[in-house]
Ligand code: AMP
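Shown below, as structure tokens, is a lone chain in the form predicted alone; questions about how it binds or moves come after it.
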């Protein structure tokens, strides 16, 4: 694909154990700012969301947050960015984040991050989009998830081609080059993919 203008980054509203996850978010923010790639994210000012947003803004980049009203208070909406969209629902949030980006990147996160990831992979499976979906498996964080997806495929509940709906990388440095090299997955027939 052409150079991405904006990446939607799914990540935690917590920073997780140790400093590694924060460092990863800062590294990705650095690469994005240097490449002139804007951030679309869940709009929270806490956790990894806040870390990457602050890093990109400090580097002179563009940050677009999308947060539902009910989380604006809990996740402390990030008001130091370029834009903050306060929406009515989680569904509206996810759709607007998708509409505003050229590709999706998944950093470590919790249940909300898993929800976002599975929905965006399912949308790809249903041929609702062909945007790149990149999972950053830093220090093996997503190994259990990748094993689970492989298990679902091995057990016959998903087609092997479903593994091509996302790409796994191990570092922030690989994200933008991987997006640039992205080619939409070859889609099996409906009967093969479902």
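The model shown is predicted, which means the values in this text are computed figures rather than measured ones. Residue numbers count along the first chain shown, from 1.
The same protein has a further form, the form predicted in complex with the named molecule, not shown here; the description that follows concerns it.
Distance criterion of 4.5 Å from any heavy atom to the named molecule in the predicted bound form singles out 71 from the list 101, 87, 71, 120. Contact annotation: residue 112 falls within 4.5 Å of the named molecule in the predicted bound form, judged by heavy atom distances. When contacts are judged by a 4.5 Å heavy atom cut-off, residue 175 does not count as touching the named molecule in the predicted bound form. Taking the partner from elsewhere, residue 12 is found to have a heavy atom lying within 4.5 Å of the named molecule in the predicted bound form. Contacts of stretch 91 to 107 with the named molecule in the predicted bound form, defined by any heavy atom lying within 4.5 Å, are made by 93, 94, listed in sequence order.
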